[in-house]
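There is one chain below, alone, in structure tokens, taken in the form predicted on its own.
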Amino acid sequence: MNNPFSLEGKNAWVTGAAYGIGFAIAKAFAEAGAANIIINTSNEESLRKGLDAYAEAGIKNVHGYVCNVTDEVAVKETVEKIHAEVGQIDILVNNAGIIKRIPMHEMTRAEFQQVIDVDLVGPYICAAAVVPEMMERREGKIINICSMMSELGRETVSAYAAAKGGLKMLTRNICSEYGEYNIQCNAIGPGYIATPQTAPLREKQPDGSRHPFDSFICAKTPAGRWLDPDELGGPAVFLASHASDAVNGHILYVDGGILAYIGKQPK
């Protein structure tokens, strides 16, 4: 093994990777030599925009599918299409996810259930769909995108925290159940990432001051800043490559040190 971090010849499916964290991870896989990048989104418009973004970035051999990860039948059909049109799935990254910031006592059951379905049931459905073929080959990598909310709670994210906590344990259970088949299932727990979705939380206020949440996050992070999506690329390549063959059931928190830090003392 000349380069244990190489993904040469590997096919990687990254769910919900039209932009943001998923795009950054897929880009890192391509740079590490992955033969094919497979993405899916829930509708044609987002898929088209995503494929355009990959083309603009010069990333080749990208295959896109419309597939809702909460639809078990659609996921199985998509996996069959991938096998027929691209080849085996060597790496699965369960990246697709949503969050609803609603106080628990104001959240409806349907809103709570939607978050659970996308953030926890979706990864289960996708992992269950790819595992049989990985078992036959006795090789495979599954990476779940957890969160600091797999370990911590905060106001208004009860459904998200419940889902991500469950995803942490699903990660460990996939490791326990399929490790004997040389399948490694690990997770990445991103910290606060500078994406278009978080941009409003980082904008200057009308008086020129920082957004209160921006100040809060930077004070809670030893790195003193929001993280860049590309900083998740290296950890993802590690967990997708032979370099991590002895790592299983692990949640790698890429958070700039938040979980290790009590925060700055107020001045």
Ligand code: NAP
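On a predicted model such as this, the values are computed, not experimentally measured, just so you know. A residue's number is simply how far along the shown sequence it sits, counting from 1.
Although not depicted, the form predicted in complex with the named molecule is the subject of the following passage.
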Region of this chain that lies against the named molecule in the model of the complex, out of 130 to 138, 77 to 85, 93 to 101, 177 to 185 [heavy atom, 4.5 Å]: 93 to 101
Sole residue of Val69, Ala26, Ala34, Ala240 within 4.5 Å of the named molecule in the model of the complex, by heavy atom: Val69
Listed residue (Leu170, Val118, Met107, Ala162) with a non-hydrogen atom within 4.5 angstroms of the named molecule in the model of the complex: Val118
The named molecule contact at Ile143 in the model of the complex, heavy atom, 4.5 Å: no
Distance check, Gly16 to the named molecule in the model of the complex, heavy atom within 4.5 Å: yes
Heavy atom of Ile125 within 4.5 Å of the named molecule in the model of the complex: no
Non-hydrogen atom contact Gln113 with the named molecule in the model of the complex at 4.5 angstroms: no
Within 164 to 195, the residues that have a heavy atom no more than 4.5 Å from the named molecule in the model of the complex: Lys164, Pro190, Gly191, Tyr192, Ile193, Thr195
